[in-house]
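Okay, so here's just one chain, in structure tokens, the form predicted alone.
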Amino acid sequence: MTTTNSAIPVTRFAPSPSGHLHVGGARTALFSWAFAKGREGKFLIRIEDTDQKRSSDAASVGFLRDLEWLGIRWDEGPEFTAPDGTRVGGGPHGPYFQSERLSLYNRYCQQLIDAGKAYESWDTPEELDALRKDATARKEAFRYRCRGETTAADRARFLAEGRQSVVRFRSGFEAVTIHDEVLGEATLPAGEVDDFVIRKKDGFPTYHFAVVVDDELMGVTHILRAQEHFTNTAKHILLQDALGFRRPVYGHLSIIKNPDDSKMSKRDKDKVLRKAVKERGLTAPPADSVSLVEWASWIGDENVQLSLEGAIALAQALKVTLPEINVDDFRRSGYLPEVLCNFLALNGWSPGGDVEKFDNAFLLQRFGLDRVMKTPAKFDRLKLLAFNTDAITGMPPEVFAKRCHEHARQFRPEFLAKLGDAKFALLMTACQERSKTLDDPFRSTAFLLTEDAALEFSDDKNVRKALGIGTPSADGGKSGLDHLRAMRVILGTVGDWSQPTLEAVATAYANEQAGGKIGAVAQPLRIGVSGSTVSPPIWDTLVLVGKSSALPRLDRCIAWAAATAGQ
């Protein structure tokens, strides 16, 4: 046994390409990157795509985009062009997709077979099931052991029967001790590890075998991964010893949980959508959401999940908010990558000294395995949102505007097309103080994109109160609807449709007709042009909507309110 003891660490992050990056995987990548780069080492990416049922080249690109957005760039790995044009990846240990490394796995697999440390196994699914049932009847855990050597005649007969073989590693009966930098030391008793499969029937290596070969050939010195892989480490150690490989240093990280102690899972989105569909009693997908084919597959099997695009489209149609689970979810929601990295680092690690807010440069300087926590981390979304809010409200206005523009370019292009440069700049000025995410300026101003004739007016208690629908005026004077009618006439004569002019004419009217209460005038106007009692400052809102749209919207609101009030 040779244990890795390198002054220059090499870490890796090795996702299977099954979609965008889960925040748990992002934290693993972040810790691996910080550990290596903070010690002048190397961080590499490897795509573990030997499971043909789960793999997709397109999906792996999602992982790479997520990592690059977080600022986690790799020294070696799949080649990728960052948005700034920088080429990332490549290196001397490629290819970095496991599906392209079969000849390497086959070479080392044959080495084990030739040394008598691995063997072909020809069991049928029925035979394996019978073995499991037999173990259950004996009240024992099922552990596969070699059932005798396969002769040439046996092999010929199995092939004639159409059987396919797997290759199993001959584990033996020795105890295995795992030294873990986070969890400490643990020993699996002798005989605990069975003769596990290292090459599947389709000729692809199993995870256990491929990861051991790749970590050795790529010079990986330290492996940080989820605690769920801890027991797998015993298999990997046995393989490393059998092949004469080094033993990397291991550190297994706790899982990330929701505040209610449930596992933070991609299925959380599915639960929200299924609940909404059930509550509404839907038997067909809403218009402009998922296709009938995808809907039928999803609704007919609770184990099926919608595609990311389908889930987003259905959520928009149902007007429900999906919980952020993947890095791309947080990106779409307008979280800042530096804030998400900061928050993820605190989910399982502490810099000490009551320090909570820091950047990636600080993380590189301070990160170490000695302060990684063993217990599961709780993902407090409210705290993350508070972190993000502080970062956004503390930005220089020009930086906020630039980052919102980039967010809109990717996720809200309709606002750029509708507003133009001047109004977009005004929207940024109007929204920064009240924004918690980069998406808030757009999420809260959807009324700007609505056709004037299609704007709907909210019939909630706040709207009714502001317009005086069903409630008498507090002072027995004019209602909000009365003020709206009067202001509609005044605004129709305004030539200079700017914030100072609009505020001046409204203030003059309020002083004369509303006892100086500008809110009694402003709130009905807000409802008239936005449909609700929530919008950016009213004078900014009026300018953003524009006179040509504001006046017909006010007309429609007056008609709607009058009809609702029976006036």
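The structure displayed is predicted, hence computed values, not measured ones. Residue numbers here begin at 1 and follow the sequence given.
The form predicted together with ligand GLU exists for this protein as well; it is not shown, and the discussion that follows is about that form.
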property	result
Ligand GLU contact in the predicted complex: His229, any heavy atom under 4.5 Å	yes
In the predicted complex, Leu340 touching ligand GLU (heavy atom, 4.5 Å)	no
Distance check, Val211 to ligand GLU in the predicted complex, heavy atom within 4.5 Å	yes
Contact flag, Glu48 vs ligand GLU in the predicted complex, heavy atom cut 4.5 Å	yes
In the predicted complex, segment of 363-371, 203-211, 69-77, 83-91 with a heavy atom within 4.5 Å of ligand GLU	203-211
In the predicted complex, the residue from Cys557, Ala14, Ala550, Val10 that sits within 4.5 Å of ligand GLU by heavy atoms	Ala14
In the predicted complex, the residue from Arg464, Arg168, Lys266, Arg225 that sits within 4.5 Å of ligand GLU by heavy atoms	Arg225
